[in-house]
Structures are given as C-alpha cells and as structure tokens.
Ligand SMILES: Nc1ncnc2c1ncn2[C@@H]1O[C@H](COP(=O)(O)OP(=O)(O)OP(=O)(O)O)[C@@H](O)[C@H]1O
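A single chain comes next, written as structure tokens; it is the form predicted on its own.
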C-alpha cells in the first residue's frame, strides 16, 4: 500500500482584489511508497506547499483524490499516523521547549505514561536536550527548526511530511537533520519532503517528483539519475584556444573554461578519441579523462527551462482540457 496516493488534484485561488481564479494545481498525480523517501522539487510558486496542505487535509482540493495509507486525506486515522513540519512553523514564545513538546504530545495522543520518555528521546535525537528548560523566544532559527522536527516525530508517525526541513540550518544542523531522516527511513518510515537544497535531497531520496506549473513534470529514481549520465565523459585540458573544438558539435555537449583549464563534456564514449586528437592537434594538453553523471540540479534546471505549459490544451473533440499539452510522464 502507498503511504501517499495523489490523483488528478486541482486547486485554484482567487486573488485578493479580483474575482478571477488563478489555477495553482492542474492535475497533480504521484504516489509515495511505504518506506521510501520521496523528494518534492519545484520552483517558488510551482505548487509544492499547496500540494502538501491538500495532502494533509488542511485545505480542500477542487478536484481529484488524495489518500494516506488508503484512507482519505484529513481523516483522524490518517492524521494520527502523520508528522508534519511546515515551512514556517509557529511556536508559542512564552513556552519552554519541554512545555511545547508536552503540549504537542498531548495533541498527538501520546499516552501520558510515555510522554516524558518520548520527549527525552526526541530532544537527544535533535541535539536540544541541554535547552529543554529555555523559552522558545530565545531560540535561533536553526534551533526552532530542530524543535519543529522534534514535535513532528514525537508521536512516532509512519509518515513524515516536511516542507523545507533544512531551512535556516547551518552545515552542522543540516547534517544532523539529514542523519535523523536517514535513521527514520532505515526504520521503515515514509518521508515526503520539499527542499531547495538539492545535494541533501539527492543524498536522501529514493525518488524525486518535480512539480512545474501545477503539474508533475517528471519523477525519477536515483538509479535512473545514474543511467541518465552513462556514457558521458569529461575531459580536462589546458591551453585550449578559441575555435579549437569548432566543428565537433556532434561530439561535444559543452566546453567551459575555468581559469587555465577547460572542461569538455563529450556526449558519448565513442567520440572521446576524436576530441582528444583534436585537442592535441591544436596544441592543448589533456590533463584527465573521467566519466560523469548528471546531477539532480542538472535535471531540475532542464525541466524548468522547458516552455511553460499552456493554460489549457485542446482535446481532439475541440473541448478544453486541464491536462498540459506536453506532459512528461513518470
């Protein structure tokens, strides 16, 4: 059973000073499998936070269906198995950290006999145990982010939904949160999170769903990310003069100078010899030849560089459809 199943979800909002609706989600469809880490990637305004709020039942979709563990989004059973960290969490500043977690634990239905033990455990997990007696109004942004993660995992949920969990964290805090999420995934928890920090997403995720203009433009797994780079070779050379690689567009996808060196990406293995011979013929020195793979950032930048989806696509019968005209499937 999937932890999250989203099918054909649409959502529009009216502007503050207008009756005209703005379509934010236009048929979002994806799933998060139980026990996996699924990243949710998209530009600002692509529909990430709206999708997350619909998944949690905080707002209603105009159309489509959302289920958590086979139950409708927003129902009590699904909510009890879910932990949530919003992008901009609110904390009662007058409470101490321990008081805040006790409050959250009671709301989440943690048995009173277990609550103190669980608070101790999550404070150790997020490295905030020495600060349990301090009021939240004195916490830094990074400390508040870790406090938010603590409340999300306090009731030991099966699903974690995290909106920008690395926001405001320094490198040490990012590493700590990443290690916590890796441990939770190893324990069979499902993690669904959005982030703009692509290296962390690439390190954590089994799969990534890219949302663009209100639709899922692409989903891919880490194994596919590796396959997408198979056969691409990077040659590092010195003394490459302008025009050295002229006429080799079929063989070379890019050539980027960085100081005295030039990094030449060859499209396929079979072109490497021709490129190296050209470099030597024109007086350049080849320093290294290495295989490369595309990064998640490469894939994301390629997707957002595509032409924008049309507002509506024509169906064969002449009717207007909410599906994008050039949908990139799973």
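Numbering follows the first chain given and starts at 1. Nothing here was measured: the structure is a model prediction, and the numbers come from that model.
Another form, the form predicted in complex with the named molecule, is not on view; read the next lines as being about it.
- Contact annotation: the named molecule lies within 4.5 Å of heavy atoms from the stretch 22-30 in the predicted bound form, the single such stretch among 22-30, 283-291, 263-271, 62-70.
- Taking the partner from elsewhere, residue 164 is found to have a heavy atom lying within 4.5 Å of the named molecule in the predicted bound form.
- Residue contact check for residue 34: none of its heavy atoms lie within 4.5 Å of the named molecule in the predicted bound form.
- Although the partner is absent from this view, residue 249 stays clear of the named molecule in the predicted bound form, with no non-hydrogen atom inside 4.5 angstroms.
- A residue is said to contact a partner when one of its heavy atoms sits within 4.5 Å of a partner heavy atom; residue 47 meets this definition for the named molecule in the predicted bound form.
- Within 4.5 Å of the named molecule in the predicted bound form, a heavy atom is found for all three of 13, 87 and 196.
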